[in-house]
Structures are given as structure tokens and as C-alpha cells.
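Take a look at this single chain in C-alpha cells; it is the form predicted on its own.
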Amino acid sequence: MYIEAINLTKKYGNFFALKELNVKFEGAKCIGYLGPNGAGKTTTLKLFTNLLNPTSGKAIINGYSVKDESTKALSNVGTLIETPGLYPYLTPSELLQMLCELRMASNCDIKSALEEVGMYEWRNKKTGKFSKGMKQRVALAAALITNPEILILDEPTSGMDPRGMAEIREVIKSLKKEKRMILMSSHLLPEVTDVCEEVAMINHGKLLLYESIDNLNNKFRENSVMVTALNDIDEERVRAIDMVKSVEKLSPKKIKIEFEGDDNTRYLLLSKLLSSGVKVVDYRLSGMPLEKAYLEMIGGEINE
């Protein structure tokens, strides 16, 4: 299974919403499509789902042109683009049944779709009384009723409170177990790091980067850690540890350490901190590699 853009372009007058995008997403994995608001993420996903026609270039899914052979291209694709509206007087079961009839789909499995998103027990309750997170899970079930190999999701946690965001992320993680390809747009760096195996970065309609999260971690990792302890930390004893380059005191029980070395060195540093009497309760990298990559490639605010 694969999704491919070949010189894919969308232009409005003199403005390029997307300019000569060339990228291929392949295999069962979750790909984060990352960029600030207005970068071209939704435009790309609408081109891949035949909601927009390209100015030039091609959107290809599993060998078929989305524009010229949309039925074949999208036959094994489930989509959630922007925030869908649900009829408040319908139950999830009624809503999904209606969608199956509209699509004239013979392979609908409403029960499995609702179970996958954790909404089966709510199947006979009217959606008008649901929280935003619950409504979004019903919308995800609508994308899943034909058990597609490919899911295209446009900022699935947009506008939610932290609890709703966490719920949707857990649902997406569970969907990955079914060996699907999930292309998920977002402008939230922790979300992409938590859920995805790969990330494609876009800004001003142009692709800037396409890498695995592991490769980004290796390329953009910062050799510094944040340490929080139960007791007051003796900075001088920490500075005396051989791999430590510098120590920044943030509070009596919290410091930032810059060190020389790799992940093995980071492990040894923790061992030496414990041996020196620091009662460590939290020990983590001080920076997120994806954040560093984002700022270098795009700049500006993280959550624009």
C-alpha cells in the first residue's frame, strides 16, 4: 500500500497552497504530516481524497490517480478531513448505517468500527449529547466501517481538551496494530512524537523533510538532561563527574546537565548521579529532537 505525490500543485490565483510536492508514503505505519497552520497540510489531504482537484501534478494511491480513477484509488481508504458535523438526533449505529447505505458498501462492519474506537456501548445514544472527543471517535468509526488499509486523518485532535486529545491518540495507537497506513496531519509536536514512526514536514506549500522519528532523534538530539531529585542537589559533586560539561541550577532540587557522549553515556551519568547521593525522581532529555528539527526547518512559534 502506498500514497504518492508527483509534482503535486494547488494554486489559487498567484498563491501556491501546495507547490510541486514529491513524496511517497509506503507500508503499514503512522506518518505525521507536520507544519504550522496554513502550511498546506489540509490542501494535501484534500487532494489525496478528491475533495480538491490539483492545478498540476498527480495524487496517486496504490497505483491509481485520485483525480482520474477516484473510485479505485479510494476504494480502500478511510478519511477524516477537518471537523465533521454529525446529525445530533442520530445514534452512532444509525449514523454509520446511513453512511453504509449512501456509499452502497457491502463490506460495512458497524460493530467492529465502533468497538475499535471504544464507542460500542454508546451505539444507541444520540450523538447530540456527546462530548467533542466522543463525536470525533464516532467520526473515526465512520472512516473505519469498511475496514480500510489506509487512513487519512486531518488534525484529528484539533480543538479538544487534553482528555479528549489523549483519548483520540490512544485510539490511533490501537489502530496501528491492524497493520494500516495512517497519514495524520498535525501541528502538535508531542502528538507526532507520541503516535508516529515517521514525519514529513511542510511549510508554505513545500516539503522540507521526510524522515523516521528514530533518524530525527539521532540527528537533532541534544546532549543535555533535566534532573529532579528528592533532596537538594550538590552542584559541585555533579560537576566533578567526568562526562559532565556544565550544570545549570534551576532550583535546589532541579538541575540541567550538559554532557558529552551518546545514550550509553546518558545511562552511565544516571548511575553516577545515584552513586553520588542524588535521589533522582525524574531524569529526561531536556529537549525534544523533533522540536529542534522543526525550529531549524520552519522557525517561529511551535504551535502557530
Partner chain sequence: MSDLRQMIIMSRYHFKNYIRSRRIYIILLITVIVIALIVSINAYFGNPSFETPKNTANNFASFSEILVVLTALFFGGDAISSEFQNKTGYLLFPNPIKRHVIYWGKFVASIVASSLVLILYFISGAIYTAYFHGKVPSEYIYSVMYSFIFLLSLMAFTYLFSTFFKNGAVSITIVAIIYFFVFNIINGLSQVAGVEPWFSLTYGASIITLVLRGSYIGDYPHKQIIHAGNAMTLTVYNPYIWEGIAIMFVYFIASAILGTVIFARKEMK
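Positions refer to the first chain, counted from 1. Nothing here was measured: the structure is a model prediction, and the numbers come from that model.
As for the form predicted in complex with its partner chain, it is not shown, yet the points below apply to it.
- Only one of the listed residues (Ala139, Val192, Leu114, Leu151) places a non-hydrogen atom within 4.5 angstroms of its partner chain in the predicted complex, and that residue is Ala139.
- Of the candidates Met165, Leu99, Leu175, Met134, Leu99 is the one whose heavy atoms come within 4.5 Å of its partner chain in the predicted complex; the others do not.
- No member of the trio Met160, Leu188 and Asn217 reaches its partner chain in the predicted complex with any non-hydrogen atom inside 4.5 Å.
- Taking the partner from the other structure, its partner chain in the predicted complex has a heavy atom within 4.5 Å of a heavy atom of Ser75.
- Proximity of Glu197 to its partner chain in the predicted complex falls outside the 4.5 Å heavy atom cutoff.
- Not displayed here, its partner chain is kept clear of Phe15 by more than 4.5 Å at the level of heavy atoms in the predicted complex.
- Its partner chain is not drawn, but in the predicted complex it has no heavy atom within 4.5 Å of His204.
- Heavy atoms within 4.5 Å of its partner chain in the predicted complex are found in exactly one of 78-86, 176-184, 206-214, 227-235, that being 78-86.
- Note on Ser75 and Leu102: their C-alpha atoms are nearer in the predicted complex, a change of at least 3 Å from this conformation.
- Three angstroms is the minimum change: in the predicted complex, the CA atoms of Tyr87 and Asn50 sit closer than in this structure, by 3 Å or more.
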